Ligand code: NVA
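A single chain comes next, written as structure tokens; it is the form predicted alone.
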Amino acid sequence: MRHFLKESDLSREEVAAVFATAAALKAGRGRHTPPALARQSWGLLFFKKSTRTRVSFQVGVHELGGQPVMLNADDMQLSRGETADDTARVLSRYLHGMVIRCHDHALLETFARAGTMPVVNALSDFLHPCQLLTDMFTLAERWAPGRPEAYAESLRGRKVAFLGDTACNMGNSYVLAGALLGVEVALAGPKGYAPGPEIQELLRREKLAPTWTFTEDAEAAVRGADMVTTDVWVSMGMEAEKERRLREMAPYQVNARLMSLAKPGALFMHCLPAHPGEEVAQEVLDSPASIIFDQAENRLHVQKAILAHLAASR
């Protein structure tokens, strides 16, 4: 039984296979989708608000022939003290898999350890692996058009720049995915916002050579980048820090001037929702470089491919 809690739960070869499956599912949507989850019920357990993740997984399970079972954490006995271990054991008797969006990454690990069904990380405060595979797939579509078999290889040696709070789950996931897929990851943010020891220790445990650097110089990070990305500066639960964060992050806004320092033809990505005028200027969101809606759509196709891969690995 396989889980997908972090990017490195898949090998480079498996990522290539997931990309090929995602491309086929995207091309065949509405005509033929292999029923990889036929007669299966998958739980979708959300502790955080969501638009793209919730809808794409619910639609994805349905299109693969399965039944999505929406679970609100506040409506479950988990919210009244039942342990995650007991919840995982019980739900394993009902469901064929779980998709969980939560705060503490340890909850995902508990479900994977205690249960007897595949568990997918739909976002934790530590990592956002479904988003990162989607980001890489979306870039590969542009860099190896029409050649899904070459998608993974087309990423090797490319440079991506991530600006802002690079100690967040997206920053950690770029560090991990970059090392897995051979992508140079240039991170830029204020002092104190670099990836922490937890992700560095994970790289060591996974025996992955680091491909990331951190600088306080936004221009240096962006120079020569094939893609520039950012994320919100004030994540859910950090509202009390808003004024300080907006002040500290202001030099790292992705705007037309910074984009002009990237490689000619460089792309812009954002996992959304965006806050125009904060982490990114509206002019960048509206520019030809922006592929944010392709990126958002591809969450559906890549996640379906991940689910199909896990189902086939049982």
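As the structure is a computational prediction, the values presented were derived from the model and not from experiment. Throughout, we count residues from 1 along the sequence that is shown.
Unshown form predicted in complex with this ligand; subsequent notes refer to it.
- This chain lacks the partner; the member of A179, V232, I199, M227 within 4.5 angstroms of this ligand in the predicted complex by a non-hydrogen atom is V232.
- This chain is displayed alone, yet in the predicted complex one of C271, M259, A36, V61 has a heavy atom within 4.5 Å of this ligand; that residue is C271.
- Partner contacts here mean any heavy atom within 4.5 Å of this ligand in the predicted complex, and among 211-219, 106-114, 183-191, 167-175 they occur only in 167-175.
- In the predicted complex, at least one heavy atom of L123 sits within 4.5 Å of a heavy atom of this ligand.
- Contacts with this ligand in the predicted complex, taken as any heavy atom within 4.5 Å, map to no residue of 196-215.
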